[in-house]
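In the form predicted alone, a lone chain appears below as structure tokens.
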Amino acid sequence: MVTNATSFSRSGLTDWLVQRLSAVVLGAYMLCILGSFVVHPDMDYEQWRALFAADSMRIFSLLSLAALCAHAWIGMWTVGTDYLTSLQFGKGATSIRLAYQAICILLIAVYLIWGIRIFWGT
């Protein structure tokens, strides 16, 4: 059995489930944010800040951020393995794909750390 060290879970079924569950979490988060705008149509900065000051919203935001990062990684990994192949790039495809994946991992990690700093403040 061939495994890939850069896949999210080393199982296509697990990756598929993670991507679907992360989409559900992101959809719920979007509905929560939209719902806050519907309930408070004239929301000002202080109300917005109070909304995100609650620990429950911070945890939900952090969960959504983690779901976004997992969803993005699985999607970008799939794009890389499907389109950055030796058929398109010849012998250098593996190097190109690994560089692409390294850049994706770096950007996702930066966005995750940045998001944590925004939600939990430092």
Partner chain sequence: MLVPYPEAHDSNIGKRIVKDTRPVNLDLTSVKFPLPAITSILHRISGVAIFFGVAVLLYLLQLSLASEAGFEQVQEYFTNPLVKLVVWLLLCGLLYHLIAGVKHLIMDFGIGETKAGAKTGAIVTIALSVVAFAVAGVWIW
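Between two forms, the rigid core is defined as the largest C-alpha subset superposing within 1.5 Å. Predicted, not measured: the structure shown is a model, and the values here were computed from it. Numbering follows the first chain given and starts at 1.
Not on display, but discussed next: the form predicted in complex with its partner chain.
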Original post:
Does at least one non-hydrogen atom of residue 107 fall within 4.5 angstroms of its partner chain in the model of the complex?
Top reply: yes
Subject >> Partner proximity in the model of the complex: residue 62 to its partner chain, non-hydrogen atom cutoff 4.5 Å >> reply: no
**OP:** Using a 4.5 Å heavy atom cut-off, state whether residue 55 contacts its partner chain in the model of the complex.
**Re:** no
**OP:** May I ask you to state whether residue 95 is within 4.5 Å of its partner chain in the model of the complex, using heavy atom distances?
**Re:** no
Subject >> Residues in 69-87 with any heavy atom within 4.5 Å of its partner chain in the model of the complex >> reply: 71, 72, 76, 77, 78, 79, 81, 82, 83, 85, 86, 87
Subject >> Core-superposed C-alpha of residue 89 shifting 2 Å or more between this form and the one not shown >> reply: no
**OP:** Answer yes if the CA of residue 40 moves 2 Å or more between this form and the one not shown after aligning the rigid core, and no otherwise.
**Re:** yes
